[in-house]
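Below sits a lone chain in structure tokens, taken as the form predicted on its own.
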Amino acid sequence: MHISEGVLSGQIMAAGGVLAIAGTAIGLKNIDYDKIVNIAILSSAFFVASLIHVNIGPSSVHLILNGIVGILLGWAAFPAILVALLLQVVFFQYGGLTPLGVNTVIMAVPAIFVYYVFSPFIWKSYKITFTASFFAGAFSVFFSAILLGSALYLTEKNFLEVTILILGAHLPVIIIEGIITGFCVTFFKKVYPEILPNLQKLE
């Protein structure tokens, strides 16, 4: 779900850059440096998830994992995702430097959203934990696809057909991401609950 160089308008890229800088600043301010290793691991997982992708017009389809990154990291997801996307640009030319801000916002904003909406439920029963995590993973991809389509459509109305194609192509990814997120979060709850967000911070 990377937007390539030369696709977006200057106004959209500028707006994305400003939002990415603001979100990253908030994320850095809220980072728990005792969990910096967890942040690095999740950033790496996000980085690796995009290595296998299928190109669709000016974007691509692949696993994203921004739902699980958001649930586990909260605002720290912004710098974690930014670093992963930057490394993807440098090593594999996925996306580009000019749309980096927009691509970061497309991935990180849904991650922050699911953190606040679904994280409080992960401390309930395991059934509720899996259900909440499933919807967090699924919705984060759906929300990202909506943001990507909006960025394309606001740049050029002719991108409407491409936007619809991208949304349709991500339907299988939405389901797969939900299942992966559900299993991962319930697994962490059993073997490594310390990685899960502090419930008191969400109240």
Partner chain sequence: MIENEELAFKDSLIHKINPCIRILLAVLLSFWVALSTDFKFISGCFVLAFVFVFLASITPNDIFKRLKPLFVFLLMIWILLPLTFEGDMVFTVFSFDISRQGIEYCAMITIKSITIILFFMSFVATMTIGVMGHAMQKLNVPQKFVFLLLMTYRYIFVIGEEYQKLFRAAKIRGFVSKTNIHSYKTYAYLAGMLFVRASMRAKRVHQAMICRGFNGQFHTIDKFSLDKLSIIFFIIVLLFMTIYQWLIVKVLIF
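Here the structure is a predicted model, which means the values were calculated and not measured. Positions refer to the first chain, counted from 1. Under this definition, the rigid core comprises the largest set of C-alpha atoms superposing within 1.5 Å between the forms.
Not on display, but discussed next: the form predicted in complex with the partner chain.
Within 4.5 Å of any heavy atom of the partner chain in the model of the complex lies no heavy atom of Ile128. Proximity of Leu165 to the partner chain in the model of the complex falls within the 4.5 Å heavy atom cutoff.
Taking non-hydrogen atoms only, Val89 approaches the partner chain to within 4.5 angstroms in the model of the complex. Taking non-hydrogen atoms only, Ile179 approaches the partner chain to within 4.5 angstroms in the model of the complex. Not one of Ala145, Ala151 and Leu171 is positioned with any heavy atom within 4.5 Å of the partner chain in the model of the complex. Of all the residues from 131 to 170, those having a non-hydrogen atom no more than 4.5 Å from the partner chain in the model of the complex are Thr155, Glu156, Asn158, Phe159, Glu161, Val162, Leu165. In the core-superposed comparison between this form and the one not shown, the C-alpha atom of Leu154 has shifted by less than 2 angstroms.
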